[in-house]
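Take a look at this single chain in structure tokens; it is the form predicted on its own.
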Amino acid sequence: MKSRDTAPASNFIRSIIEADIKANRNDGKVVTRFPPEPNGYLHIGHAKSICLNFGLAAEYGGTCHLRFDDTNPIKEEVEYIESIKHDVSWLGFDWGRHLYYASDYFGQLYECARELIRRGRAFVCDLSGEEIREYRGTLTEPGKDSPYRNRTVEENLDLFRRMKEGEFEEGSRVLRARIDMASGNLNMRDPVIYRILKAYHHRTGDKWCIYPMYDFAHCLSDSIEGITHSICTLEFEDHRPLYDWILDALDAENHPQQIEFARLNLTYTVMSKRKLMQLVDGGYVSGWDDPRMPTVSGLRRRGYTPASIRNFCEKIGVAKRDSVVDIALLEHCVRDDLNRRAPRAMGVLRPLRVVIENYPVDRTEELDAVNNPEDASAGTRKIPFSRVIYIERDDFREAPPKKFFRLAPGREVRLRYAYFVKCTGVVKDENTGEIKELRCTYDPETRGGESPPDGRKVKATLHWVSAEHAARVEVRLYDRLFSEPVPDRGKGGPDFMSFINPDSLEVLPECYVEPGLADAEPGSICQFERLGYFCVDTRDSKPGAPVFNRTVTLRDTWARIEKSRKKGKK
């Protein structure tokens, strides 16, 4: 899918595909795939890959396969498969009939391994895992041949068959490709392509006790499915020679082209699945769908929209070198999308009671409010107004500093859609001195917030809710999970956990919103005027008791960055 406001940017992958189409390679077809391992939840980096693979296929009239590379039953769960399917679909992509599993090909992969043995290109090795690592060598020293490397074809076929039939214990034997222990690429030093795992598989049950390694299964699955362009992230660049070697060694009829692109790195975020799991297991977040997590499920629960994520992925483009993208750009894309689609409402997060003394005690009136100034078709709504209202505590200062234009003793302000009000008194707690209540008067000539006949002006407009009619709700204010822009500094740097932001979540249990939000549906999104965009939590909300998660504030850091950048170029 394309972003709403830009044509697809040219990049090196599009150039490769267009050159292939022009040369009629692959008969002009484009077949891509998104191949997640079902051992965790997808994150924003996976979303970039999803948008790229499905987007390119759609752009060039091709197809994109969703394939689960389920070759490690120890770490895989059906829960992850279902969550991945949901995430891909939610992002707006449809694999149609092209849903596959590497386990669909276990029989073919086994025969491919036997063919490598017959061709003298694979052997059964009895070295332990630790010994294999010792024999492998280093980046500066070549490896050593396994003492089992020169077994006969017949012996290797027999041992491999017996591995399949469960005769040997886990770790006692593996099947290795016979390539070059002196290769400068460690991945080519006789890599393991099959290992013994006596584990139940979610699709094949107990049929197999040997499973192919990812590198072996991946390239052959691509070939079997007729993939034309196998697009993956840069960490697989060193694996490409092995990808090609396996297909060439087997004279594969279909040999996809592997193309690597830079993975997505975001400021104030970690992307490693292992590190995200540390956050979950350590209780630093409430789960994989915690709104502070970069997982697709977390972003969805926080209120990020599919369109905003797709637009973000289009804006950051595709590069050959790793870089770090400012998270402010992602937040900008969310604001840009929600500004057009989210209905407006008023909510007060830190309430301060206001009594309008000259307003009739038993009177309630309904005022007209605009649902979305960006969308005239959204219409208007009625909101109740009465003698007692709540405003934000931060909108009042008893001794206002310079340039504070909101409410203060003797000062007049506009209430959004309502009236001008003037503060005439302050009521405090006798023991603590805390301000409990404000006393105000209103000007009945200013209904709807219009300027009075005498033309006097005010410098501030405040949001509010009627105390009698407002719904009490819980609001959760989410901030960035880490306090440092680059929390994951790699080896030799501080542990990323030391940068966890202790103020990444603030829970406000006593907030008040317009009565129309009392029954807001889980997952629905609105803008609380002057405060930000909020989403009704899909896990903890109950009928009549919605919990609102702050999606993003209204302050657009990225817009300021771009403005400064453009100004500096002039």
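Between two forms, the rigid core is defined as the largest C-alpha subset superposing within 1.5 Å. The numbering used is simple: start at 1 and walk along the sequence shown. Quick caveat, the model's predicted, so the values are computed rather than measured.
Beyond the structure shown, there is the form predicted together with the RNA, which is absent from this document and is the topic of what follows.
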Margin query: Is it true that H202, G425 and A520, all three, sit within 4.5 Å of the RNA in the predicted complex, judged by heavy atoms?
Written below: no
Testing 122 to 130, 468 to 476, 284 to 292, 359 to 367 against the RNA in the predicted complex with a 4.5 Å heavy atom criterion leaves exactly one stretch, namely 122 to 130
Discussion item. Under a 4.5 Å heavy atom criterion, is A376 part of the interface with the RNA in the predicted complex?
Written reply: no
| message | Even though the partner isn't displayed, in the predicted complex is R539 close enough to the RNA, meaning a heavy atom within 4.5 Å? | response | no
Exercise. With the partner left out of view, is E167 within 4.5 angstroms of the RNA in the predicted complex by any non-hydrogen atom?
Worked result: no
Query raised in the report: Is there any non-hydrogen atom of V174 lying within 4.5 Å of the RNA in the predicted complex?
Result: yes
Residue within 4.5 Å of the RNA in the predicted complex by heavy atom, from R300, H255, R195, R151, is R195
Checked E430, E235, D251, D454 for heavy atoms within 4.5 Å of the RNA in the predicted complex; positive is E235
Those residues of 128 to 142 with a non-hydrogen atom no more than 4.5 Å from the RNA in the predicted complex are S128, G129, I132, R133, R136, G137, T138, L139, T140
Exercise for the section: Align both forms on the core first, then report whether A408 has a C-alpha shift of 2 Å or more between the shown form and the other one. Expected result: yes
query: Is it true that K315 shifts between the shown form and the other one by 2 Å or more at the Cα, once the core is aligned?
result: no
Core aligned, does the CA of K207 move at least 2 Å between the shown form and the other one? no
